[in-house]
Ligand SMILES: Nc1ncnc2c1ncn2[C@@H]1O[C@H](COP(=O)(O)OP(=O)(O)OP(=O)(O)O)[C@@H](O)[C@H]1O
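Below sits a lone chain in structure tokens, taken as the form predicted on its own.
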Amino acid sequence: MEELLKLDHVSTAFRSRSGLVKAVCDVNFTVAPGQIVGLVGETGCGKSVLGQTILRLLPPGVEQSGRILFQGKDLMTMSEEEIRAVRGKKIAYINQNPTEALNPVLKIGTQLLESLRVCGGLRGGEARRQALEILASLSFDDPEEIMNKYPMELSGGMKQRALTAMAMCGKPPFLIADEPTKGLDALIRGQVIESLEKFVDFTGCSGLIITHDLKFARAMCDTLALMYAGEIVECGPAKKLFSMPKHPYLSALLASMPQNGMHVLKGSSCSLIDMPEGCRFADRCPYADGECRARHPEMRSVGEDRMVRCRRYD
């Protein structure tokens, strides 16, 4: 498969008073041109940290290893100047908290025009025309009015769409969207999904969608990568994973969806400081035995296009 983005044994850890927090552990996956990959899992499993690792948005002192190849170049070894040239222009990033991501003292139009200048190389009348066109494409009824508003005057969903508009400015070949539907009601959630679909159509980009919203992931993504306690435990075509889950964790997540009876997954994820020797899901798994708790499972191929980390498939 042709690769636009490749993660090769990527790990990220933080120093804390209690010990080393292993937020991302030996992650491997690829994204092909035109492919939308959903990174799903519970809150705290390491999804957002992985997204920030790709663009090197984490603070100094974080321990990182592995290779992140984008268009054949390793993002991990780039200088600060080189990685800044990638952010926005080649890889767009939509933060999960639009209130924090938008400058509260600048109008939306000012921020959008600046994005067009930096990422798209546009100025003056052409930049303004493009800004209005982008806002209109995201279903803003009155783009001129939105241009003249401050972030505090917009609803949560409108802020999220404004962020999406800024990310579209450079027509980047890759998008990372971190929890874009978090905290939104059903109506606004639908508008955000529609705006992301228009983003993909407008730019023709590939993407990594980070979410705990399985319904959203099913609607948006071609491929799913399921994350648990810092590592990928199942990966493959979204339709197959939803219809025939292999890993017990995915089966439990699907069973917890409202349309499937909302069966609660009991227990909690293991510590990211003191990892168990065996399977990290063993304490919550109905199939776990002594061998599962003694030996950490490797990712195994279970067909031409699926991988799973479970001893039942050894």
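A residue's number is simply how far along the shown sequence it sits, counting from 1. The shown structure was predicted, so the numbers you read here are calculated from the model rather than taken from an experiment.
This protein has a second form, the form predicted in complex with this ligand, left out of what is shown; the following refers to that one.
Heavy atoms of every residue among 14, 23 and 48 are located within 4.5 Å of this ligand in the predicted bound form. Put simply, of 218, 73, 117, 182 only one has a heavy atom within 4.5 Å of this ligand in the predicted bound form, and it is 182. The contact with this ligand in the predicted bound form, taken as any heavy atom within 4.5 Å, belongs to 43 out of 268, 43, 65, 260. This ligand is not drawn, but in the predicted bound form it has a heavy atom within 4.5 Å of residue 212. In the predicted bound form, residue 55 stays away from this ligand, with no heavy atom inside 4.5 Å.
A residue is said to contact a partner when one of its heavy atoms sits within 4.5 Å of a partner heavy atom; residue 272 meets this definition for this ligand in the predicted bound form. Heavy atoms within 4.5 Å of this ligand in the predicted bound form are found in exactly one of 130-138, 174-182, 100-108, 237-245, that being 174-182.
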